[in-house]
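In structure tokens, one chain follows: the form predicted on its own.
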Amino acid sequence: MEWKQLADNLFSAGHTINETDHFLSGTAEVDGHTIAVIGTTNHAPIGIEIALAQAQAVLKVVREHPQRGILLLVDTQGQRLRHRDEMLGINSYMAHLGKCIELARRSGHKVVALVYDQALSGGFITSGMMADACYALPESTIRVMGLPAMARITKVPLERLTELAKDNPVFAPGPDNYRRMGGIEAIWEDDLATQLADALRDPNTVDQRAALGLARGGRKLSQKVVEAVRSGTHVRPA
């Protein structure tokens, strides 16, 4: 979905979102409150400039608008694969963005993310996955690594990974598989404005992804490992 159409569906009371070089920023009215909107569009590759722009926008909200809700709109092809970005330390810029979002949360800002088009790799991990809760549209594309690339890295044959992906959401892309793993809280359809308002009103800021993954059958050991670490016990593989 194109971001302007999405904004019209989300913000019936109006918004002031602007796009500059694939970077989205502005405000919107939701449920009688002003929220900050920060994100990317056009499958933006996350280089040092856009990572820093997002971080600066988050810090500005923390500094100038205490406890204002923040919506992260996610559409990214992941980390920009350029020698220049690598040499300048793109990993540090992306880590800085993640830290700024964590600072916002600790400062009392409700942070909600919505994957409305594409969410790949590190560009998704340091934005949408850093939110209190991440949601997705049903037509969105979500994956950390495509199966062909995974086959090259792991040396597991592509045919075997394709077979595993049929039953195991860890190997399969798509919003429904990420919902099963707990990475996506829910998939939004129909009345997007009401669902956004409900998400922003939710006071819960506790990371429940491992527990959701266990309950939904998508990640069967993650929560058990968490509990074992807390208690100091040993977990045997299933």
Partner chain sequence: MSSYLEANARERIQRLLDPRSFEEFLPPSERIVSPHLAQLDAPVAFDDGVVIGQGLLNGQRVFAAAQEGGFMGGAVGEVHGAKLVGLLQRAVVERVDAVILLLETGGVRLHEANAGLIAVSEVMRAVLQTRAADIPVIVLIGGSNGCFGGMGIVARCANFIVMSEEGRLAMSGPEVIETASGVEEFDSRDRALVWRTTGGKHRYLLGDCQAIVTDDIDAFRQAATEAVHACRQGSAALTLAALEAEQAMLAARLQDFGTQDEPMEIWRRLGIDNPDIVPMLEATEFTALVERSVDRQGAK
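Numbering follows the first chain given and starts at 1. Owing to the predicted nature of the structure, the values given are computational and were not obtained by experimental measurement. If you superpose the two forms and keep the largest set of C-alpha atoms that fall within 1.5 Å, you have the rigid core.
Keep in mind the form predicted in complex with its partner chain is missing from the figure; the text below concerns it.
- Heavy atoms within 4.5 Å of its partner chain in the predicted bound form belong, among the stretches 166-174, 26-34, 185-193, 65-73, to residues of 166-174.
- Using a 4.5 Å cutoff between non-hydrogen atoms, Asn91 counts as a contact of its partner chain in the predicted bound form.
- In the predicted bound form, none of the heavy atoms of Ala197 sits within 4.5 Å of a heavy atom of its partner chain.
- For the chain shown alone, Val225 is a contact residue for its partner chain in the predicted bound form, at least one non-hydrogen atom being within 4.5 angstroms.
- Taking the partner from elsewhere, Met181 is found to have a heavy atom lying within 4.5 Å of its partner chain in the predicted bound form.
- Proximity to its partner chain in the predicted bound form holds for none of Ala13, Ala44 and Ala113, with the criterion being a heavy atom within 4.5 Å.
- Residues are counted as partner-facing when one of their heavy atoms sits within 4.5 Å of its partner chain in the predicted bound form; in 85-105 these are Glu86, Met87, Leu88, Gly89, Ile90, Asn91, Ser92, Tyr93, Met94, Ala95, His96, Gly98, Lys99, Cys100, Glu102, Leu103, Arg105, in sequence order.
- Remark: with the core as the superposition reference, the CA shift of Leu161 between the shown form and the other one reaches 2 Å or more.
- CA of Asp117 to CA of Asp167: closer by 3 Å or more in the predicted bound form than in the shown form.
- Note: Glu227-Asn168 Cα separation is 3 Å or more longer in the predicted bound form than here.
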